[in-house]
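Just the one chain here, the form predicted alone, laid out as structure tokens.
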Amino acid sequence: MKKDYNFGYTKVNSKQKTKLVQNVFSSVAPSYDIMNDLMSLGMHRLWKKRFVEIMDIKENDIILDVGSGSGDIAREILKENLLTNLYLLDLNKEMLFEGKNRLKKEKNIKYFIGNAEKLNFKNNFFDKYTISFCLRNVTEYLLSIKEAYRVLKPGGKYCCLEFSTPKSSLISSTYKIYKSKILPFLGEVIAKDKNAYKYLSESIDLFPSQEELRKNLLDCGFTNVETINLFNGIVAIHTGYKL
């Protein structure tokens, strides 16, 4: 029996979901950064700054940034002023181009078009694996977690920044209205693509809670798994180690 996947609230097959998600990001790539600023009132920059702080980057770390997009995480990593080797991977060539264009003056960065579900890197290679606002878009997200475990060195750290489940019922109900009404409106006005941001809202609704994702990470072999909630759990940082 073929498995169904959620593209927002619509049921599709595996190949359809991957293609539809890529169409979304190809459509919004030119306006992606300005939409992030508008949607979060600029708070996404603080979330990403905190995320990179929690990564605890060391000199000479080899870092894989999956779903690297327009390069926000890479830019934050570079602000640490440490010698690192950055590998930026995205399945969407338009998004990868946006990031490469913004980081064209930087050295020690390699760019790859690739799928998080099947990484073309050898075992035990990276010191850090980072994925930011991307995991919910991966068709087989559990496969991506297993792949992260495979390519990390023993002692390597998995770091995920993702939308999650608010802890307060009041904030949750207000956030639900914002996601279903305001996000698609902003998408229509700014990105000229209402459906793309309707999908964004629905993908957040369907993503596992903090507790579910913690269990997923443990089941995939990670230890010392921790979750840090930001903005009452609207956004969460998940970390784990490969031992």
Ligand SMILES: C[S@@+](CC[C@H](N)C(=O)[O-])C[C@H]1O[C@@H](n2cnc3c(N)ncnc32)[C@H](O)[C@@H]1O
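Since the structure is predicted, the reported quantities are computational estimates derived from the model, not experimental observations. Numbers follow the displayed sequence, beginning with 1.
Unshown form predicted together with the named molecule; subsequent notes refer to it.
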{"property": "Phe133, heavy atom within 4.5 angstroms of the named molecule in the predicted bound form", "result": "yes"}
{"property": "The named molecule contact in the predicted bound form: Asn229, any heavy atom under 4.5 Å", "result": "no"}
{"property": "Asn137: touches the named molecule in the predicted bound form, heavy atom cutoff 4.5 angstroms", "result": "yes"}
{"property": "Contact label in the predicted bound form: Gln22 to the named molecule, heavy atom within 4.5 Å", "result": "yes"}
{"property": "Listed range touching the named molecule, judged in the predicted bound form by heavy atoms within 4.5 Å, from 29 to 37, 55 to 63, 209 to 217, 185 to 193", "result": "29 to 37"}
{"property": "Heavy atom within 4.5 Å of the named molecule in the predicted bound form - the one residue of Val151, Cys159, Leu89, Ile109 that qualifies", "result": "Leu89"}
{"property": "Within 96 to 118, the residues that have a heavy atom no more than 4.5 Å from the named molecule in the predicted bound form", "result": "Gly114, Asn115, Ala116"}
